[in-house]
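Shown next as structure tokens: one chain only, the form predicted alone.
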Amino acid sequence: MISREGGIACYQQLSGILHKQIEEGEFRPGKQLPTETELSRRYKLNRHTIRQAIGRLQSEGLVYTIKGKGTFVANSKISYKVSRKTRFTTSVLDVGLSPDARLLDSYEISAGSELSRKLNIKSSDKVVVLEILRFVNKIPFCHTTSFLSSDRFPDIQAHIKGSFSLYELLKKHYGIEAMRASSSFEVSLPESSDMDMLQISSKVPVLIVKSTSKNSKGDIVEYCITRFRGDLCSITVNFNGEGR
């Protein structure tokens, strides 16, 4: 039970109790933890303390929260490989999980100075922007904003239907096999849009990967920014080999 004596904060005691229950298998991977109301009643703690305890477990990667559904025990982190031939669908299938992708939005903008450099086009050229939310086992896993030249990929939005793989689409309809040329990584606290799309709390970090892909001739195909849930992913990078 929770002791209010001894100098250990109540939220730390509760996170320790839940941590032990998870380790001992009382709550198995994928199983939902008791609700805030149930934990509050069971341990006679207020909601703020409950949220602090859950937040600590999230920061340790032991649990994840799905907005409107609750908090669940995490599996071991999802291993995602970044290589020259990285494909989201293939990478997720390779670890025995189910991938999915949903196009949230698509629109066209002028390249401007920054995107013209990223895509090696004129600043006045048009760029197609694809906002894609990707899932693993129906859990939001990452949000990608892809930038592609409108001239190089005319009517690309018309080819996107249901669940899809962008690189398979490029290969099928445009005869282009895109390969990852470079990626940069940084970690940030989530923005409000991250919390909404990825269904995470303000305490879950976001891994931001900015990548450029090229075709076999070395022409730039895509520039993209992907924001991964930091509590679910473990990324391995290999640009030397040909592995997927």
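Between two forms, the rigid core is defined as the largest C-alpha subset superposing within 1.5 Å. Sequential numbering from 1, following the sequence displayed. The structure displayed is predicted, hence computed values, not measured ones.
Heads up, the form predicted together with the DNA isn't pictured, but that's what we're talking about next.
Residues with any non-hydrogen atom within 4.5 angstroms of the DNA in the model of the complex fall in just one of 209-217, 60-68, 23-31, 176-184: 60-68. For the chain shown alone, Gln52 is a contact residue for the DNA in the model of the complex, at least one non-hydrogen atom being within 4.5 angstroms. A residue is said to contact a partner when one of its heavy atoms sits within 4.5 Å of a partner heavy atom; Ser193 fails this definition for the DNA in the model of the complex, lying far away. Shown alone here, Thr35 lies within 4.5 Å of the DNA in the model of the complex, counting heavy atoms only. The closest non-hydrogen atom of Met197 lies beyond 4.5 Å of the DNA in the model of the complex. Among Ile17, Ile235, Cys10, Ile225, the residue placing a heavy atom within 4.5 Å of the DNA in the model of the complex is Cys10. Once both forms are overlaid on the rigid core, the distance between the two CA positions of Ser192 between the shown form and the other one is under 2 angstroms. In the core-superposed comparison between the shown form and the other one, Leu14 has its Cα shifted by at least 2 Å. The Cα shift for Glu38 between the shown form and the other one, taken after rigid core superposition, is 2 angstroms or larger.
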